[in-house]
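Take a look at this single chain, the form predicted alone, given in structure tokens.
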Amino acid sequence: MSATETAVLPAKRRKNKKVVALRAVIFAVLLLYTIFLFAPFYVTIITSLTSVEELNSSVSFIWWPKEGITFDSYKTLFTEDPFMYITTIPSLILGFINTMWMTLLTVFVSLFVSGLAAYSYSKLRFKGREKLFMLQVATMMIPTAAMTMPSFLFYDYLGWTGTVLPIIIPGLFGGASTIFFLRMYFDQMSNDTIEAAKLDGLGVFSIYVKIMIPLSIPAFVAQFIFSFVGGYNNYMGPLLYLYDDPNMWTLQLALSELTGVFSSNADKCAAAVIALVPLLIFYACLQKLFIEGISVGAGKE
């Protein structure tokens, strides 16, 4: 070994030690972040599986039920629901059903319309295209809360209050954020396929349905998840327009009302877990396409 190589070795060792130390610090920070991230979920789940008696008798946090795991709180939610005399079935089940059909109907139509608008902005050429697009994007800057009262007054004037129309109809016309995202995705797709389709006699709408949508499934899935989660967690809309009719309550509204009725923390946490599980299953099934879809670079050339 030469003298030069002998002198380089200590420098490499010092560099390797720095790299190892840096990785150890990063790992420790990520581990701490993970603990803080999942701690609320652990607390919620453990509390829901602890008996009411043990919770009431304990003055400190229960890391694990001393009396063993019990599902009494979950049973209580489905057997002692005070709203069942109106809804005939447990509020959480009815709320979940209402949430599904209200949200899925809106999301599917909204995605189709938003994708069509994004395709028009990306691949079609017409006068005022960029100005119209920027105007639509500018609406994203308006706080949602600022439009709550004007929207309520408008829908009340139309006679829509007390119905599902204010929850469903506005979403059928697409969303500015979805259009913005899908346009970026479409911009990175080659125009050669579209030109070839035009030569084969396909029209604008046929190209969108038969070519653009199949090639953009990951992007649509990503936006579907965002839109679905937003609709699933929507509380203010149902509270304003559906509160007077328990048979039309969504899951979040039913969850809010039940946690106000049941005084036990175990019952409240059990209700929260029930509401959370469908989202976890939903994301677990679509996470691969979701991760691919949020990467704009996934557009095909």
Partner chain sequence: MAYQEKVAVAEAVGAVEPAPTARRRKKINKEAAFGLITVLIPLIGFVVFSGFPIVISFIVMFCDMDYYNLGSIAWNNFATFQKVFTDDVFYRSLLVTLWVASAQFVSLAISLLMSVLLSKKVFGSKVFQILFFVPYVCSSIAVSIMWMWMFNDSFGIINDLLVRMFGEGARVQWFNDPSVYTWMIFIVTVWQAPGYGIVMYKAALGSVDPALYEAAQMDGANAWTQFYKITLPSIAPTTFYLLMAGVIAGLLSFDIPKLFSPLDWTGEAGPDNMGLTTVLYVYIRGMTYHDMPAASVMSWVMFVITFIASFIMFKMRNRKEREA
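In this text, rigid core is short for the largest set of C-alphas that superpose within 1.5 Å between two forms. Positions refer to the first chain, counted from 1. Predicted model, so just to flag it, every value in this text is computed and none were measured.
This next part talks about the form predicted together with the partner chain, which is not shown.
Listed stretches are 212-220, 80-88, 135-143, 181-189; the contact stretch with the partner chain in the predicted complex is 135-143, by a heavy atom cutoff of 4.5 Å. At a distance threshold of 4.5 angstroms between non-hydrogen atoms, I69 is out of contact with the partner chain in the predicted complex. Taking the partner from the other structure, the partner chain in the predicted complex has no heavy atom within 4.5 Å of any heavy atom of V261. Within this chain, K75 is remote from the site of the partner chain in the predicted complex, having no heavy atom within 4.5 Å. The closest heavy atom approach of P150 to the partner chain in the predicted complex falls within 4.5 Å. Of all the residues from 230-256, those having a non-hydrogen atom no more than 4.5 Å from the partner chain in the predicted complex are N233, Y235, M236, L239, L240, Q252, L255, S256. With the core superposed, W160 shows a C-alpha displacement below 2 Å between the shown form and the other one.
Annotation for T144: C-alpha shift of 2 angstroms or more between the shown form and the other one, rigid core superposed. Remark: with the core as the superposition reference, the CA shift of T87 between the shown form and the other one stays below 2 Å.
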